[in-house]
Ligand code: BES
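Only one chain comes next, encoded as C-alpha cells, the form predicted on its own.
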Amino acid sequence: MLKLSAKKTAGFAGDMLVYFLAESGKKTVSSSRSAIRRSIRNAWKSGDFTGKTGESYWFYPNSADKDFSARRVLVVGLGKLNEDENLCREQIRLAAGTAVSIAHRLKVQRLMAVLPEKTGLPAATVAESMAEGLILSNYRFDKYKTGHKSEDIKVRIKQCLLHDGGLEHSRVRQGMNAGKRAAEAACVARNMANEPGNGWTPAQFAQFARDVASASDLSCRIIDKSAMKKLGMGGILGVNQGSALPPKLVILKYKGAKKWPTLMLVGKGLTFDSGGISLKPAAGMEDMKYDMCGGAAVICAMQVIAKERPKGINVVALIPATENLSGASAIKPGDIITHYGGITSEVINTDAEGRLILADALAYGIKTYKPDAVVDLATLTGAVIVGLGHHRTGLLSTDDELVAKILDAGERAGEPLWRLPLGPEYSKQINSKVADIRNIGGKGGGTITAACYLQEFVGDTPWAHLDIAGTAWNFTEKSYVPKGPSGIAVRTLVNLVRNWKKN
C-alpha cells in the first residue's frame, strides 16, 4: 500500500496530493514551497487554515497550473510542533490519519503524502511516524462483507506514495520501512481480533506461528493437550475443560547469539471468553472474541522481529490459547487446580481465567528458557478500565529498569501506560484457606491482585505485566485508530525490542 516515490510532486497525477504544515502564529504561510504559499495564502490570512491540529484545507488546481497535476491538493495542520520527540511523532501520526480520513470521505484511491519540513526530528523518524499514521488509518476489516448493501462498500486508498519532501532520501526509506513493518503488523493483530470466535481459534494461532517460522529462521513449537497433561499445566487445561476445541501453547523463538540477553513475551490467547460457569452477561458478550488481543500483539510483534533480526537481544514468545466455555466438563467455582511447577489454586470465579493460563505459560517459559526479563500482555481485568479508562494500559512490575524501558517504548508508539503498585498487602488478598492461592482477591484492587497472582509464577526474574483490557479495543479516539480493536502493544513491543540495547 505504501511506497517511496522519487517522482516530483508536480508530476503526480493521482487523486490527492497532501502537504503538512505546522502552526506558526504568523500571518504568512509556514512553508518554503512557493506553490503552497500562493495557493493557500487567502485561507491563511482569513484564519480558515492556520496549521492547527486537525485543521485541513483542500483545493482543486487549475488545469493550467504547472505546479500541480493532482486532482486535489490537501493541506493538513500539524499544530505547534512539540519539542518532545515522542509527542512530535504523535503529531505526525495524527495528521496522517486526518489526511486519510478526508481521502476516504472523498473516495480517493491514489494519494501522495509529502513529508513535512523542519519538524526538528531526524528524517527517518519523520518517515516512520508518517508511515505508521497512513497505514494504521487506512485500515478496514471487511472480510465478511459481501457487497449486497451499497453502504457496506468502504473505499480505501489503494496506492499511497510517500515523497521525501526534501529530506535525505535514504533515511526516509529506512524510516518508512520501519514504520511500515510495525504498522502492518498492528493491522494483522486487528484482523485477528476482528475475526469471530469461530474464525480465530487456538488452531489458527498455532498455524499463524508455523507460517511465521517457515517464512523466517524463527523456531516454532506447539505444545498440545496431551503434552500439557504430561507437563501438569492445570491452568490451561482447567480453563479449556468446557470447550470442544483443544488448547495450544504456541512458542516462537528468535535466537540471535547465545551471549545476548533473552526477553520473554507472553500473550493471553483466549479466543472466546463466555466466563465459563461464572457466565458473563449476554449484553456485550460478542466482544469477548477480543480476549486474545494480548496473544495477537505478541505473535505479530514476533512477525516484525523475524523480519528485522535485531542485534543484542534474543526473544522467545509464548501464547497460551484456548476458549473459556461452559460445556458439561467445564471447571466449576470451588475447584482446585495444580499449575505447572506445583502451585495449587482455588478457582473462585471461572471468569478470572486469563491469569490461570498465563500462570502456566510464565512458569514453563521461565524454567525452560531462563529469560533475563519477562513481559506479559493480557486483556485481564475490567478493573483496569475503572482505574484508567480507555486511555492508558495498566503496567505492574517487579523491576524499575524494565518499567523504564516499557514506558519509553509506549511513549514512542503513542501507546501510553501507567504504573500501578504491587506489594504484600495486595498479595494477601489472594490467599486461600484450602490451596496455595485463589484466583480472585475481592473487589478492591482487582487489577493489582490479578497481577499478584501472576507474580507467584515469575520468581526473581525481572517481570512486567501489561493489562490491556481498556486499550485493546475502544482505545482513546484518534484519527489513526479505528473503532473496535486497536492493535495495541504491537508497536510498543517492537519499539521495546528495537531499543533494548540502547536503553
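Counting begins at 1, following the sequence as shown. In this text, all values refer to a predicted model and were calculated from it rather than measured experimentally.
Omitted here: the form predicted together with the named molecule. The next part is about that form.
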Open item on the list: Test of understanding: in the predicted complex, would I440 fall inside 4.5 Å of the named molecule by heavy atoms?
Closed with: yes
Open item on the list: Using a 4.5 angstroms cut-off on non-hydrogen atoms, would A352 count as touching the named molecule in the predicted complex?
Closed with: yes
Open item on the list: Does any part of A317 reach within 4.5 Å of the named molecule in the predicted complex? Heavy atoms only, please.
Closed with: no
Task: Partner proximity in the predicted complex: D291 to the named molecule, non-hydrogen atom cutoff 4.5 Å - done: yes
Open item on the list: Just to be sure I understand the contacts: of T379, T98, T393, Q303, which is the one whose heavy atoms reach within 4.5 angstroms of the named molecule in the predicted complex?
Closed with: T379
Open item on the list: Looking at I223, A383, A123, L74 here, can you tell me which has any non-hydrogen atom within 4.5 angstroms of the named molecule in the predicted complex?
Closed with: A383
Open item on the list: Since the partner isn't included here, can you check whether the named molecule sits close to all of E184, F475 and K478 in the predicted complex (heavy atom within 4.5 Å for each)?
Closed with: no
TODO: From the candidate stretches 43 to 51, 466 to 474, 453 to 461, 430 to 438, select the single one in contact with the named molecule in the predicted complex, where contact means a heavy atom within 4.5 Å.
DONE: 466 to 474
Task: Members of 258 to 296 lying within 4.5 angstroms of the named molecule, judged by heavy atom, in the predicted complex - done: K268, D273, K280, M288, D291
